[in-house]
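Let's start with one chain on its own, the form predicted on its own, as structure tokens.
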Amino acid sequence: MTKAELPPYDVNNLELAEVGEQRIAWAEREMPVLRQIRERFSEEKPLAGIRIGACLHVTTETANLILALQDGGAEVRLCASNPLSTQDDVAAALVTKHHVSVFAKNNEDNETYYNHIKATVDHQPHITMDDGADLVATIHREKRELLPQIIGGTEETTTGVIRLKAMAAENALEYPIAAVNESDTKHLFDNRYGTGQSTLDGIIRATNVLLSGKTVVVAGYGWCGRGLATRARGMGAKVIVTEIDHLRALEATMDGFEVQTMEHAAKTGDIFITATGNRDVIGPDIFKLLKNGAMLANSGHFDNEIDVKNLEETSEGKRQIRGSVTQYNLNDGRKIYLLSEGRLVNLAAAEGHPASVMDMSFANQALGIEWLLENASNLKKIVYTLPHEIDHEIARMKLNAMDISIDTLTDIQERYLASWEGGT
């Protein structure tokens, strides 16, 4: 395929395509549920004639999702949902090997990031796929003339769901959204096991520190925070959890973690990981309390959980120590280390979630789009959780691929559960 025959694109290096293709194939080995969906989509073509605009992390796992949608008949245009998460070889492979329009460059600046989103919007999608809701927000702010033709969208992240529910509450959301993040086969596994492993992987790759013996402070005890805290403890760290929710704080306590305020934890923590979906979790008041050598990492979607701007303004200077580590020199002589510029450390410093867990998340994406198309006429302009039947089907396929069998109810047991008359 000559360059003139390629679809519209903006990627860093097309010569990386062969390496990217090999890595996409390697990830596919661990994605048996998506494989089954892709095979059915190839036969049935449920997405025929549909244009999909996707703003996702451009990784090997995402590539397999895009190829499943393409095999289902969709025309997909893809841009990055984070400036540092794009795997350039994957972007190149999608363009040259699979004729997918990709607008994504690793380490792209903010202007390029939004230009890529606009290029995706210019595709005039019928369906949007988001990881953080930047695509939806851009359409609502700048391309409202496209809204009447948009059937619906999907959202992958906790942060994005929060934004979209806020839009719906203000009657500002102009089409229905399927909150993939709310599916059990997404947040119970992707957020907990995926984030737990990949975030620590990113921190270790970035710093080469030994977690054993360190004090790790986890901000937020949602599903991501649970995974982070559990895995850090498993690697020998002392874990402190900070929370604003009484129930989650109580749960963390019952799970055996020490719960403190961030102000208290700041004085003893060695490594801080934010996973809250909120801004300024670590800011000026906390910077003053951190001990010399403290490391700051973010695992929330946006780069505002750590107030990097204030850190820049109040430091005497900074320098790059390692590829993903910046040393900030505070005016009192302390040194603070920021990982991956405060962006998603698991994708900026490592490879993101393992393919086997993304298999379920992206199965929800694919089936979520199919569900939107099948139910479009009955949907309101709100955020929906996908039906439990989809969750259970994905779980069934995953267990089947893992060669795991479960029990089934007998007729007597089913009648018993459906009756109120039984008792002591």
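Just so you know, these numbers come straight off a predicted model, no measurement behind them. Numbering starts at 1 and runs along the sequence shown.
Only in words, not in the display: the form predicted together with ligand ADE, which the text now covers.
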{"property": "Listed range touching ligand ADE, judged in the predicted bound form by heavy atoms within 4.5 Å, from 240-248, 343-351, 67-75, 269-277", "result": "343-351"}
{"property": "4.5 Å heavy atom contact, residue 358 to ligand ADE in the predicted bound form", "result": "yes"}
{"property": "Ligand ADE contact at residue 62 in the predicted bound form, heavy atom, 4.5 Å", "result": "yes"}
